[in-house]
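First comes one chain, alone, set out as structure tokens in the form predicted on its own.
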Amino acid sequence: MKRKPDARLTLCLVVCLMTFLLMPIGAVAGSISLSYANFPPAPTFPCVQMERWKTEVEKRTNGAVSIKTYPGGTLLGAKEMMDGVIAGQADIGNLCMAYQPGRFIVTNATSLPLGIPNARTGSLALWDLYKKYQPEAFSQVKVLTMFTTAPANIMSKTAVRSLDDIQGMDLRASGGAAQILKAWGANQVGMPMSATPEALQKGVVQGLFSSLEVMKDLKFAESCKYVTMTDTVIYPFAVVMNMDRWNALPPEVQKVIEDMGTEQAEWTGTYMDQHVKDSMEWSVKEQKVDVIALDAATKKAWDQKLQFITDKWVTDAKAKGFPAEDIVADIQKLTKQYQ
């Protein structure tokens, strides 16, 4: 004889199914696991923003997403970050676009000497620029956010107060800074930031050209007792995700992450600016660093020597089919808007 289904059991199963379907994000804690690769050491600002982003995503998805971070190049190095994420070696990666100037032409325009005054302004301008132009260079990944360094300045073992002082000086710098230093009469020496402390000790370089948080983060204030405030250029970064991994995320998780794009750009820029301020206060107080401010006439003379860099970028970018003048004009407009 066929047994009739127990009505109470049926009701219980229906309730359980509806409960499961209506469960909020995170009801199954850590059900989505993602890897996030970064190349600088853990205490530096790109990794600080990474940890903040990880914490916020895990919290806002109620634990449904679990993110394991890999700072210091332990999973992917700086120059292999983009291709490593595309290949799936990491689900998410943070890259500095200045390391590949010919690949990220549109977004690297923010590293032209256009007077971006701080990291918050630079980060928001860069993010808006990316959203407007959607460069082909990022077509194989999902871009989660972008941000920039604070402006680059000269940290040196001897004082730089004029263009005469910088002639022939060997300075560590990356990316487009080579053109800047050459225009001023200095020599750019390319090397990883991690190798710079030893290079300073051995006299291979007499200083470096970078944003000033490294004075404290990497203890450059112990060797470089002079900082010349040129406030010249920023360097752009992007956080990208493997496209297949992105497409596999539930829509509600995607929304959480997408909603954080602008917020994370602004948070990182604001953090960076404050971190630079704290770093320099420490350098002056604890390491007796001398901060050299260029007067208006001197600063103008230094800046005028760099105009050719923007002019050449416009010519080269136009030849490759990019709306170069529009891009520069947009950066200048966005700089004023966010400044």
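Since this is a predicted model, take the numbers as computed values, not measurements. Throughout, we count residues from 1 along the sequence that is shown.
Not pictured, yet referred to below: the form predicted in complex with a small molecule.
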item	value
Candidate from T44, S66, T310, T270 lying within 4.5 Å of the small molecule in the predicted bound form - any heavy atom	T44
Selected contact from S210, S223, T228, N242, since only one has a non-hydrogen atom within 4.5 angstroms of the small molecule in the predicted bound form	S210
Interface membership of Y133, the small molecule in the predicted bound form, 4.5 Å heavy atom rule	no
Contact label in the predicted bound form: R120 to the small molecule, heavy atom within 4.5 Å	no
Interface membership of F104, the small molecule in the predicted bound form, 4.5 Å heavy atom rule	no
4.5 Å heavy atom contact, V189 and the small molecule in the predicted bound form	no
Contact stretch among 255 to 263, 92 to 100, 111 to 119, 134 to 142 - heavy atom within 4.5 Å of the small molecule in the predicted bound form	92 to 100
